[in-house]
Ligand code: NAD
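First comes one chain, alone, set out as C-alpha cells in the form predicted alone.
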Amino acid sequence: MAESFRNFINGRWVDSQQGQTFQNQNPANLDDVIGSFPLSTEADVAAAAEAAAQAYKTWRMIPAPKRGDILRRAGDILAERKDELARAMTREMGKPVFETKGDVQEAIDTAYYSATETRRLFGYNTPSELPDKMNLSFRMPVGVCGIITAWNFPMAVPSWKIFPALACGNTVVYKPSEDAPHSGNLLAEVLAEAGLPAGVFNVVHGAAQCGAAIVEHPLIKVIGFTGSTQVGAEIASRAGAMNKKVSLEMGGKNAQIVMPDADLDLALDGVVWGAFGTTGQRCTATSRLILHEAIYDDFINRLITRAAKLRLGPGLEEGTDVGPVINQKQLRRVQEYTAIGREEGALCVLGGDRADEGQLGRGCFFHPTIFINVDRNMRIAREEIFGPVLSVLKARDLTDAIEILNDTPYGLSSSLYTSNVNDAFRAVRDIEAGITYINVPTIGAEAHMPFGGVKGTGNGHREGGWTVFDIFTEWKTVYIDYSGSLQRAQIDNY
C-alpha cells in the first residue's frame, strides 16, 4: 500500500480539510507509486496563509543574521542528506542521480549564500539637499510569500525563492508541483530540523485550484512562480488586479550557435548535454542548434553519432544518461511535436518515437530526437516542447545566426561557441536573452548570479544572486531632520 503524505502547516503535518488526495508516480515505472498527497483547496491555503501571517509578526523581528544561522544549518542538513534526497527526487521526477545530486547541491549553495547575505541586506544613505538633515533607506520584508514551482528542479528552484524570502524576514506558503510533491515535504523536514519556527514555512499540496487559491489569498503579498508562460501570464493578470508583487520565471526556446572557428569537440559536448540533460526538461535546455553553413553537414553527422550512444533508462540505475519524460501527458506532447515537425517538412535523423522496449515500456521514455532542415518559422523552432527534441538550423554568418536565435517569443538562455573574442562580445551585446554563455552550453546557472529572461520568459525580475532580494523586500526611505525648524523640500529654494 502506498504511503500517505500530508501538508505541513504551522509546524504540523495535517491532511487536506476535504480529505481528497492524488497519487505521485515514478515516471520510470508507472507501477511504482511514491504515495498519495493531499489535493488541497482554498480552506487549506487559508489555514497556511493565516499561520504564515501570524508567524511573520515574530519572524521579521528576529535579527537577520540570526535568520541566516538557521539557513546555514539547513544547508548543513541538506549536505548531510544529499545522497538520500537525490535518490528520492530521482524516484519521483526521473532524472539521473548524478543530476539530482547537483539539484541538492544548488540548494546547499543557495542556503549558504542566503545566510551570508543576511549580513549584507544593505540600504543606501545619501546626502540631503537641506542642512542638518539625513537621508536613509532600508530593505523591509514584504510579508507572506506564495511560492509555486515546477517539478524539474524540485529542490534547487524552490530554494532560489524560499531561502532568500526567509532571509529577508518573510514567511512562506509553498505549493510544490503535483509531479514532485515529496521533495516539498523533504524540504519542510530540513527547515524544521534546522530550527525554523512553526508557521514560517508551510507546504500545501494540490493542483490548479490550490495554486489559484495562493494567488488569490489576500494575506499573501508576493507571488514567486516558475512554470509555463501561459500559466504565468494568468497569474500576473490576477495578481496585478490585486496589486500584488509577482516574479515570473517561465518558458524558453534556447539556442546554441556554433561558428567554424569554435572548438568543435567542445561544442559537441555542450549541445549533447544542453539538449538531452534532464531529458530536455529544463527551461534553459538547448532546444535549437544554429550551425554555420560551413560546418553544418559535418557537425550533424558527429552529433547523430554521439547522441545515438546516450543510454536511456531509469535515473536510479548506474550508467543512465537520459531518464524518462515526467508523465504520460508530457510524453504525448513530445510525440505530438515530433509529428508536427515531420508535417512541417523537417527531417528526423535520430529518435522521434517513444522508447518502449523492455523495462522502458513501464515508464514514460522518449528517444533523444534530432530534426535537421529546420526553418525558423516552424513550430518546432519556435514553441517550447520540454522534452529531448533538438531542432538544427543553418546560418550564413554570425549576424544571421543571432537573428535566427532572437526570432522566438522567448529570451531566457543562449550560447555561442567561437574562438573570436570580437564575435563573442557582439553576441553578448546583440542576443536577446537574460543569460548568454560563451563556449558553454545553455544550461548551468550558478547560485550567486542573476537568473531570468526577457520577452515571454519573465517579467523583469531576476532570481539568484543579489537581485533576488529585490523581489522579497520593499524599500523604506527615512528622512531625519535635526535642524529644529521647518525645512521645505520640493519647494524652489533656489
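One rule holds for the numbers: they count along the sequence shown, beginning at 1. None of these values were measured; they are calculated from a predicted model.
From this point on, the text means the form predicted in complex with the named molecule, which you will not see here.
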Considering 384, 103, 92, 117, which brings a non-hydrogen atom within 4.5 Å of the named molecule in the model of the complex?
384
Heavy atom within 4.5 Å of the named molecule in the model of the complex, from candidates 252, 146, 388, 324, belongs to 252
Quick check on residue 424: any heavy atom within 4.5 Å of the named molecule in the model of the complex?
no
The named molecule contact in the model of the complex: residue 211, any heavy atom under 4.5 Å:
yes
Residue 235 within 4.5 Å of the named molecule in the model of the complex, heavy atoms
yes
Using a 4.5 angstroms cut-off on non-hydrogen atoms, would residue 314 count as touching the named molecule in the model of the complex?
no
When the named molecule is placed as it is in the model of the complex, which of 304-312, 191-199, 68-76, 220-228 ends up with heavy atoms within 4.5 Å of it?
220-228
Which residues from 131-154 come close to the named molecule in the model of the complex, meaning a heavy atom within 4.5 Å?
148, 149, 150, 151, 152
